[in-house]
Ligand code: HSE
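Heads up, the chain below is alone and in the form predicted on its own; it's given as C-alpha cells.
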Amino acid sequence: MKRVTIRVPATAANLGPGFDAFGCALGLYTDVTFEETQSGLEITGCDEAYAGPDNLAYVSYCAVLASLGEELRGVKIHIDAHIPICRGLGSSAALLVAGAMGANVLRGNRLSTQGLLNITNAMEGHPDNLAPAFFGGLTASMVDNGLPVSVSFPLHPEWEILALVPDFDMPTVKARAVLPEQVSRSDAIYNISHGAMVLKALELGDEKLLCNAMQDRLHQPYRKHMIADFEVIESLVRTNGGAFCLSGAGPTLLCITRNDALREKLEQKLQGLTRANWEVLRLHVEFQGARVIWAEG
C-alpha cells in the first residue's frame, strides 16, 4: 500500500455529566490522505501554521510507525477537514485517529483498533473523543492502569442532534485551565447519578429524562462564562423541551431532541443574538467509526 485516505467522524465528548468519559460520533468528517515518499514531509489542505512536524496527524503517524518498529520514510499528507477547529467537535482527535490508522494501513494493518487507541490515548490523555472516533456511536471510556477501556451503548433511532457552532473558537487548554483541581463529594455524586441516567435516556429515547439528567457540576459551570450567549441559549433549548450541554470543552453547544420543529425555532431565535454568530448543524449519529475510503497499492 502506497497511498490511503482515512475518514474520521466528528465527536461530541462529555455529554453533560459524562466528563472525560462519554462521547458520541457525529456525521461530520475529516478526510486525511497519506502517501509515502522517499523522504521529507509535505502537508497540504491546512493553514501554514499547522503544516509542520507538530501536526497531530503526522505526530500519531510517526508514533504508530515507532510502535511497529518501522522506518520513518517521507510522507505527503493532505487534510480535507469539515470538522471546525477548536470548537469542541473533536478536530484534534480526528487528526490523531487518522494519522494512526493511516500509518497502520500503509504498513499492513498489523495493529488492532484497540492498539491504535492505546497509542493515541497516550498522546491525548483521555479517550472520550478518541473512542467514538475509532468505534463510532455512543461510548463510555475509562483509563485502567494507563490503558483506555471503552464500551458502546445503544441509542434510540429518533434522536436529532443539533450542533450550535459559534464564530469563535476556544482551545481545550484554555477551557481546562478554568477547572478546579478538587470537587466536593456532593458534586461527584451528582455527576455519577446523572451520567447513569443520561445513558439510559439516550437508549430509551426518553426526552424528559434526558433533559433532567443532562446536568453537570464538574465542568460546565466553570466554562459557561467563557461562551457568549450560553445561558440565553440554554434557557431557549430547555424551554422548548430539548436536552442541552456543551460539546466537549466548547464553545459548540449541543441540543438533543426528538422535536423536528426545534431546529427552525432555534435558528429564528439565534438570529436575534448579538454577542456571536451561531450556525445550527443538523447531525446524525455516526455508527461507523474511522475507516478507509480510498486506497492505492
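Note that residue numbering follows the sequence shown and begins at 1. This one's a predicted model, so the numbers in the text were calculated from it and none came from an experiment.
Beyond the structure shown, there is the form predicted in complex with the named molecule, which is absent from this document and is the topic of what follows.
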| query | finding |
| --- | --- |
| In the predicted bound form, segment of 112-120, 169-177, 94-102, 198-206 with a heavy atom within 4.5 Å of the named molecule | 169-177 |
| Of H194, R87, R223, R217, the one that lies within 4.5 Å of the named molecule in the predicted bound form (heavy atoms) | R223 |
| Distance check, C24 to the named molecule in the predicted bound form, heavy atom within 4.5 Å | no |
| Partner contact for A10 in the predicted bound form: the named molecule, 4.5 angstroms, heavy atom | no |
| Any non-hydrogen atom of I256 within 4.5 angstroms of the named molecule in the predicted bound form | no |
| Interface membership of A249, the named molecule in the predicted bound form, 4.5 Å heavy atom rule | yes |
| In the predicted bound form, residues of 8-23 near the named molecule [heavy atom within 4.5 Å] | A13, N14, F19, D20 |
